[in-house]
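Here you get one chain, nothing else, as structure tokens; it is the form predicted alone.
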Amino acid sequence: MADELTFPSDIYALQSQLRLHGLDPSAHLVQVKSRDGKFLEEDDIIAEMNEDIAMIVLPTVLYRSGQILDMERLTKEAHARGIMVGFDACHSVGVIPHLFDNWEVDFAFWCNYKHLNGGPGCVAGLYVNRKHFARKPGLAGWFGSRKDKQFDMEHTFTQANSAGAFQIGTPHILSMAPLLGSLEMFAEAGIEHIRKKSLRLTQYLMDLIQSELMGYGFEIGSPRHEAKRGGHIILEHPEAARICKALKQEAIIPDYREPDMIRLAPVALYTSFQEVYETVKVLKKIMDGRLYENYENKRGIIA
């Protein structure tokens, strides 16, 4: 089971896994519906947890709206029904605290190139609950070996007694290098402090949008309640693709998402409140001068 708002690559992976087992994804992959196309209701997810479901994969934070799912509640409900549950933390790692051990989450995975600053193509991350360390990986690889045995070059796989057992090949070392510096900064600052500043930044951004931009046809498409909000804000506008292009001309890099979403992510470690203020000021300038009309209302190859 997944949901209809999750990032496409998760669905591709689940569909591929089902096909490998000779199953039809259209019949064996349940995708929980959203009531409004923006958010998910935990009650709706729980309602789909029945005896036909073997595994659940959900986002920690929805990549569009920035909604945080109640991971602890969903894990508890899944386990009460004998269902394994994992989370895609790509849009939450580095911006909110995670207590996967305490919540007894079975597994989680994420990229490190967003809030953790690893850059595009950076190595991904994996969490596996200790209770699963004895499980054999579905596809074993050389780098999943126990480290004292890895260079024995034996044809008998001696798996690591950790999440490392699920690694396949040698990680891309040059792509891991930026994480050395980044993770040191995260450890020094502390995720609780980062979360606190992130919430203040996103609240300030929403307050400015509310006071300065509502007359231009913008709508805020992210949760207002901070317990439900991740580290980015969605602005909805019919001319969103053109506005994103105009912002880039002003040296502000947003993210466009179909069909009408501008994603703004003030990052706690290096985005100032002054920069948030300037961003809204530039948006107002673009709307007052209708500068977006210089561009086609269609996204580029990279959004």
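So that there is no doubt, residue numbering starts at 1 and follows the sequence shown. Every value quoted in this text rests on a predicted model; they were computed, and no experiment measured them.
There is another form of this protein, the form predicted in complex with a small molecule, and it is not shown here; the text below is about that form.
The closest non-hydrogen atom of residue 106 lies beyond 4.5 Å of the small molecule in the predicted bound form. Contact annotation: residue 77 falls outside 4.5 Å of the small molecule in the predicted bound form, judged by heavy atom distances. Using a 4.5 angstroms limit between non-hydrogen atoms, residue 91 touches the small molecule in the predicted bound form. Proximity of residue 128 to the small molecule in the predicted bound form falls outside the 4.5 Å heavy atom cutoff.
Partner contact region in the predicted bound form: 112-120, out of 165-173, 207-215, 112-120, 94-102, criterion any non-hydrogen atom within 4.5 Å of the small molecule.
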